[in-house]
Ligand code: GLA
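Given as structure tokens, the chain that follows is alone and in the form predicted alone.
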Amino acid sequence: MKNRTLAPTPPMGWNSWNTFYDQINDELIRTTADAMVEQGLLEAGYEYLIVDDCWSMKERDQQGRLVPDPEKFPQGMKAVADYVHSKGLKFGIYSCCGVRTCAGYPGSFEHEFSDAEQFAEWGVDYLKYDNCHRPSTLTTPMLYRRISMALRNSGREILLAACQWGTENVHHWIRSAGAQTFRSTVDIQDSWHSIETIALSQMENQCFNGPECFNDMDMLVVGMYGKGVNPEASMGGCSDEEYQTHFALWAMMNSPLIIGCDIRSMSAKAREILTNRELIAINQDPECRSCCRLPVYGNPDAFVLVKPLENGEYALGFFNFSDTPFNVALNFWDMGLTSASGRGLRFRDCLLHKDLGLQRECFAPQVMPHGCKVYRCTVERL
């Protein structure tokens, strides 16, 4: 089979892990698929519905095949995938490069080709592939090359999302392993500290992002508000301001946008954040350019992200990680636009969805604590 491009831009979808942990079943997946359509998420670009760990029995059958848990999925995984596909969505599933998954279910070690064929038979379009319980004598580059080869020869196009946690210099070899996305951090938690830590840790790794191999900063916690049964992810929750900043950072930094809240009951504000077409357009820009981080005078916890877009446009993100309001100033010459050029920037506010007109030399919006402002700009003559 000749693989087509599976990830020209960062994948978008929903994953069960953050909120539901091991409490997954056929009804949850079907009603979530319904909600993805009814809430406008599919229309906004969220196309993958991914079932994470804990979907199978604890042992393989006598033929060595994976067995869906009959209590959770009485009709099997193909029936679930068929329903998801009937809604216009794509179906994702979870496995692991080790003997066991992170939650103790059968991993795909030494079963890579048979599991890939089984996933293809079920109609899987996306495989999240974790990094737990692998033999200590083997390196992860070898294990991820093995599953990539198996998927590429399974008879079906299946996106490989390598959940490798950023170890063993993953940024340097994962593209050659064949993965379309790679997890570069520890698991995210529903807290501002976790969002801040992950974002700052990946600023210097932006250069490894690009079409067909995106740096995955983990799933979105937007809209969780401290809810869910996952003891690792469901922390105290964040404010809407912090969730907005979280989404803006992930959009600007080319991370896959994989929702983790219960979208069947998400708040109006969470839906507004997650379906912001202008931020999604920045994340899905065809050029997939990396961001440049510019420091801000007078506040080490504030910065500006500058991202080139197609057609000569730019996305500008103004971020304030401090605990007090601050006017985050960008001098245009720091991004390459000198006053001698006779040009300025025309600003479009991507959060308020309004035009701000042509600005010259400097722009300094006030940004709330843990907040952000995001603009789409065109370069124009003054």
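In this text, residue numbers run from 1 along the sequence as written. Nothing here was measured: the structure is a model prediction, and the numbers come from that model.
Just so it is clear, the following notes concern the form predicted together with the named molecule, a form of the same protein that is not shown.
In the model of the complex, the named molecule stays beyond 4.5 Å of every heavy atom belonging to Met149.
At the 4.5 Å threshold, heavy atoms of Tyr94 reach the named molecule in the model of the complex.
Taking non-hydrogen atoms only, Val304 never approaches the named molecule to within 4.5 angstroms in the model of the complex. The named molecule in the model of the complex comes within 4.5 Å of a heavy atom belonging to Trp17. The partner is not drawn, yet in the model of the complex one stretch among 158-166, 307-315, 206-214, 277-285 has residues with heavy atoms inside 4.5 Å of the named molecule: 158-166. For the options Glu241, Asp187, Glu121, Glu196, the one in contact with the named molecule in the model of the complex, meaning a heavy atom within 4.5 Å, is Asp187. Contact with the named molecule in the model of the complex, judged by any heavy atom within 4.5 Å, is made by just one of Ala79, Ala103, Val99, Leu138: Ala103. Taking the named molecule as it sits in the model of the complex, the stretch 126-146 comes within 4.5 angstroms of it through a non-hydrogen atom at Lys128, Asp130.
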